[in-house]
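Coming up is one lone chain in structure tokens, specifically the form predicted on its own.
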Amino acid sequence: MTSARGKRVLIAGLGDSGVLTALRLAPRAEVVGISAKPGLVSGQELGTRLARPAEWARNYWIPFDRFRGLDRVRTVQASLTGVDPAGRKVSAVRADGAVVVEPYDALVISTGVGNGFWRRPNMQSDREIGESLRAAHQRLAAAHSIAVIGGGAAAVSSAMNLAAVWPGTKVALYFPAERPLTAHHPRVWNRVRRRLIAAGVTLHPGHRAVLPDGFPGDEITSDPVRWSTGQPPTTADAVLWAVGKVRPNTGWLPPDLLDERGFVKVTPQLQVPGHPEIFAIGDVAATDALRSSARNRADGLLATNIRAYLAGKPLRAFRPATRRWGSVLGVQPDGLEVFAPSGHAFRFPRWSIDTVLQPWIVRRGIYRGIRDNGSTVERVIGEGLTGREG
């Protein structure tokens, strides 16, 4: 029997799932991470990101060198270009064009998905990340009417947070079914609906948008929105597309590793069939219809299975959740509501967010220590991005 110690685990993609997996593995293996970003740029809480970018960035945009648990992890900023499963090596290209080749004993694919302008796989510097945050915020701040298109948590959260920050702006939410959040328990929508109405958001069920030709969802638009469900076109100063048209970031992978939609095929043990040394986690992994390994802390199971694989021991199976759960609206003036799969809510009071939840549960517990050594927010975004501008 061998152990993980002395073995190299390469993590391709250091988003939410990749970072958490690296933190789990770092104490017992040599870990190398490749990312197109210079830090964690989370795909979570779109509404807060758009409405209050400075607040969002403090908790969801964290340079890698601030993670104490990543001190043993070597991070490489580069764009992934290919993998050689037979030779067990991954290739990538740095911003200056230099080619990088990294060998591995075990590979974790956690490259996530592209979904709108807030989740892109392209190479970015700190400044470019900051500019994108500021541009989206200012575009919406200048609008007197906003149409949010989509029925998932990103759309619902965006409508709520934009209406809360700019109460003078007309915010409307358009969704195709009778209710949004169809992957959540119905109790969740019953509760969230009341909050949206109280914030002044107008709700438009049964509206399925006709996507513009070549629609990438990568920008806020102002052209009229047309509906395949028969309603007259809708106009607004700003149209935010959050329709869930995700694109797996797998263009660098061989087709035989992917399913018909381009997601990475995995066994219940999160291994790629036919390649037991390759694992996948997060939105890019075809675990189940909800791709729930991204949200159910499967990083713990994955790290355990990688160590077991390297030691020649049995692996455990991942059990997908049947419903979405967690936060929907993000932090609000009265606190944070987190929904269980049953639809029941647990509330963190507002005072506890900055004194208990973020410093103790998130930064010390989940992220295993975050250094408070200066903020990228102040360096790149600047202050004063929470009121109307333009």
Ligand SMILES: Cc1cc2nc3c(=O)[nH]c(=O)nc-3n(C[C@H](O)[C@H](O)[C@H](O)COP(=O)(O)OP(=O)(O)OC[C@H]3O[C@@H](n4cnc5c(N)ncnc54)[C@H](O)[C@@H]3O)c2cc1C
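The numbering used is simple: start at 1 and walk along the sequence shown. Remember, predicted model here, so these are calculated numbers, not experimental data.
Just so it is clear, the following notes concern the form predicted together with the named molecule, a form of the same protein that is not shown.
TODO: Mark P121 yes when one of its heavy atoms lies within 4.5 Å of a heavy atom of the named molecule in the predicted bound form, and no otherwise.
DONE: Looking in the predicted bound form, residue contacts with the named molecule include P121, since a heavy atom lies within 4.5 Å.
TODO: Answer for R297 alone: is it within 4.5 Å of the named molecule in the predicted bound form, judged on heavy atom distances?
DONE: Yes - in the predicted bound form, heavy atoms of R297 and the named molecule come within 4.5 Å of each other.
Open item on the list: I'd like to know whether L315 contacts the named molecule in the predicted bound form, with contact meaning heavy atoms within 4.5 angstroms.
Closed with: Contact check for L315: no, nothing within 4.5 Å of the named molecule in the predicted bound form.
Open item on the list: Would you classify N190 as touching the named molecule in the predicted bound form, given a 4.5 Å non-hydrogen atom cut-off?
Closed with: Answer no; every heavy atom of N190 is more than 4.5 Å from the named molecule in the predicted bound form.
Task: Region of this chain that lies against the named molecule in the predicted bound form, out of 140 to 148, 71 to 79, 307 to 315, 156 to 164 [heavy atom, 4.5 Å] - done: It is 71 to 79 that comes within 4.5 Å of the partner.
Open item on the list: With the partner left out here, which residues of 35 to 55 have a non-hydrogen atom within 4.5 Å of the named molecule in the predicted bound form?
Closed with: If the 4.5 Å heavy-atom criterion is applied to the named molecule in the predicted bound form, 35 to 55 yields S35, A36, K37, G43, Q44.
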